[in-house]
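Okay, so here's just one chain, in structure tokens, the form predicted alone.
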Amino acid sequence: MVAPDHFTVANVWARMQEIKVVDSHTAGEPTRIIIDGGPSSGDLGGGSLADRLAKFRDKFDSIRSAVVNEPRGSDVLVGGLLCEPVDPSCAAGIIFFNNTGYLGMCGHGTIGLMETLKFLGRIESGVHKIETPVGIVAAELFADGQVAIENVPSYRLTQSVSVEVPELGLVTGDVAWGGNWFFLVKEPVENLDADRRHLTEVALKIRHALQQEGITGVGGAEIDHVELFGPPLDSKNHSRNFVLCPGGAYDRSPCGTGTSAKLACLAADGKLAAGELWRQESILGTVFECSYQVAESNPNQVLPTIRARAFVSGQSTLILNPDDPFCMGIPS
């Protein structure tokens, strides 16, 4: 018996969409780069990366969800859409996103992108410029596979902001920009050896209190990252952190933009000199080696450099079957 045409494999396959991706991780934090099958620069209007991000969010957000949310992804996964850069001197353009929305910049993701571009044979060792929605970053790929990224100008906006947090009491920290907005907690100091679910709950309560009190970044921007600090596991390192990401997951790496915000605060406090090495340890014990230079255009801003290694962990084709009730992902 011949099945009805609309049930034939060929007919179903013709309606499916394929998205090709490369997966990697940087110091434990995963990145998934769309290399084919996502919205093109033409689909997104061909403007600046910031304009394209806005168009992606408004018209193609279902693709974001399909790529990083369950059942194909997870809350911890950061995605990136590989784009043609506006600036012809750049090796690539990138729009980063996660389970709940979009990121202006992603440090670990940029390192993962460099490893992905090397894996695809698109770049070799040397310095390359990457265009992001918040500006151009320079990234150097070394022969040993490590990558050093020069992040966007970073700075502390407000020092020692205090907020009353239910069940925690008074919490004090700095508000800083490192490509995303961060609240860097100074007091009280949490025990980072505690259960990570507990640390996540603490950071979520702090973020909610910031929202309730109307404490924001520039122009009312939401402070969607919270960073806790403690002593390092390894005495060779300077600090250990726990970083809450916008979607409620914690960063497995030391967080590139979060470490940039940390450097900005250290510089503002006179605790780290330009060019001096800072080894930032993650909750897993992985390390980013960092330093900064003072921005020539603004002495109150720093230009952070973050060095680490990424590893490609997979190359695959995602299948978007319109008959699948969770084709476009399960919203977080």
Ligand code: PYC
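One-based numbering along the sequence shown. All figures in this text were calculated on a predicted structure; none of them were measured in a lab.
The form predicted in complex with this ligand exists for this protein as well; it is not shown, and the discussion that follows is about that form.
A.B. asks: Given the pose of this ligand in the predicted bound form, superimposed here by the C-alphas around the site, does the shown chain leave the site open or is it blocked by 3 or more ligand atoms within 2.4 Å of backbone or C-beta atoms?
C.D. replies: The pocket is open.
A.B. asks: Please pick, from Cys245, Leu228, Met114, Leu81, the one residue with any non-hydrogen atom lying within 4.5 angstroms of this ligand in the predicted bound form.
C.D. replies: Contact check passes for Cys245.
A.B. asks: Looking at 214 to 222, 168 to 176, 201 to 209, 106 to 114, which one sits within 4.5 Å of this ligand in the predicted bound form if you count heavy atoms only?
C.D. replies: Going by heavy atoms within 4.5 Å, the stretch is 106 to 114.
A.B. asks: Quick one: is Cys255 in contact with this ligand in the predicted bound form, heavy atoms, 4.5 Å cut-off?
C.D. replies: Yes.
A.B. asks: Indicate whether Asn180 is a 4.5 Å heavy atom neighbour of this ligand in the predicted bound form.
C.D. replies: Contact check for Asn180: yes, within 4.5 Å of this ligand in the predicted bound form.
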